[in-house]
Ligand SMILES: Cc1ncc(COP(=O)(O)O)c(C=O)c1O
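Given next, in structure tokens, is a single chain: the form predicted alone.
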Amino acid sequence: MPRYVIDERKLRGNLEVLKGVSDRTGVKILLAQKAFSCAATYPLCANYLAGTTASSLFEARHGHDNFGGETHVFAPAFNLDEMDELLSLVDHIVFNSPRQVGKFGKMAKAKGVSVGLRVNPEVSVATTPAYDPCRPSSRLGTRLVDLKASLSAADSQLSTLEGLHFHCLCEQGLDELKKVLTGFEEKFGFLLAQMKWVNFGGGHHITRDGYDVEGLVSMLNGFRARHPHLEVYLEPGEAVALNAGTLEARVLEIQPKGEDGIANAILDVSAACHMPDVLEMPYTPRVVGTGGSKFSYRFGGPTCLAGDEIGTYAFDHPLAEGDQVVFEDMAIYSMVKNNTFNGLNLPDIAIRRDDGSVETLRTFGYDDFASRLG
């Protein structure tokens, strides 16, 4: 049976880096649950982070009920039918447009929830268009031209506004953040004196090898010195659990070499079902033990989707049916996005404790597939 395995020691190591940034800058760091939302690890994470961010009612409830601390929520648009329950769960709510602020801001303020607006600095640094919130005609965030139109209107919809939020990065470093922050301050700095907080969003790869942590601390302290009245938030998702989990698979069959001289290895895990970002991003995940040159295999899943291919890998030894294959960095954007296409079962979820023991947190079966289809 395939399984995701979260490494508690590596997770704690990431959290210690993030806590170090927070302690040295006074910035609050939140867990963006869209990347990693394993509740069994929340008590550990809560020792280091200030709370969670969500993009839906269910994510907000998950963070509120299991993590504690502050609960923040953002969505491109909110549903009136869910608003009462949502506002009972969150401390900050970030709207995507002045119209959404005007529609729900007073309701939120009346319930003691701080109101924010997501802005679009129009500084495009993400390298994959699908993950670039600042690409042309993006639906995410309010552009300066649209914000000014709202501010000049007689019935300005922004009277309840207390904070600004921007999110432009995707798996990126300090240089990209500096470009975005410069654009943000140039375009929206005139509003900061009226605000209580600013959220720098996510996509910060703070725990990646080689990330300029010292530079980040200096930049954050510089921003806070320029705007000492502002509370500052970061909400990385990947950085919390980066390289802190694996997906263990097995070889089901080795097919004869194709026209390109590479054999297909069919595994019991699927890119389409169990690691969707491999196809959506796209990217080729790292596999333990690769780097050889004698034997090459194209890894594919057991679904009927022709494009359910994970990548091509080379080994110094041949693979055989039953061999284990371990994919690295599978704690993030895997468990939260997996699915049961073709009726494939979901991998178990386990955690490797500090002492090396492995505890199974969750197993899945037919009911998990059938119950969601009516």
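Numbers follow the displayed sequence, beginning with 1. Just so it is clear, the structure is predicted and the values come from calculations on it, not from any experiment.
A second form of this protein, the form predicted together with the named molecule, is not displayed here; the remarks below concern that form.
Student: Is every one of Ala32, His167 and Gly203 in contact with the named molecule in the predicted complex, taking contact as a heavy atom within 4.5 Å?
Tutor: Looking in the predicted complex, the three residues Ala32, His167 and Gly203 all sit within 4.5 Å of the named molecule (heavy atoms).
Student: Taking heavy atoms and a 4.5 Å cut-off, does Gly245 contact the named molecule in the predicted complex?
Tutor: Gly245 lies outside the contact set for the named molecule.
Student: Given that the partner is absent here, does Gly163 sit within 4.5 Å of the named molecule in the predicted complex, heavy atoms only?
Tutor: Close contact is absent here: in the predicted complex, Gly163 is far from the named molecule, nothing within 4.5 Å, heavy atoms only.
Student: Spell out, yes or no, whether the shortest heavy atom distance between Tyr233 and the named molecule in the predicted complex is within 4.5 Å.
Tutor: Residue-level check for Tyr233: no, no contact with the named molecule.
Student: For Tyr297, is any heavy atom within 4.5 Å of the named molecule in the predicted complex, or not?
Tutor: Result no; Tyr297 lies far from the named molecule in the predicted complex.
Student: Go through Phe327, Tyr333, Tyr42, Tyr313 and name the one with a heavy atom inside 4.5 Å of the named molecule in the predicted complex.
Tutor: Contact residue from the list: Tyr333.
Student: Out of Gly141, Gly301, Pro98, Gly237, which one falls within 4.5 Å of the named molecule in the predicted complex, going by heavy atoms?
Tutor: After the contact test, the surviving option is Gly237.
Student: For the chain shown here without its partner, which stretch in 339-347, 34-42, 59-67, 314-322 has non-hydrogen atoms within 4.5 angstroms of the named molecule in the predicted complex?
Tutor: Within 4.5 Å of the partner lies stretch 34-42.
Student: For the stretch 74-91, return the residues whose heavy atoms include at least one within 4.5 Å of the named molecule in the predicted complex, in the order they occur.
Tutor: Heavy-atom contacts to the named molecule in the predicted complex: only Phe74.
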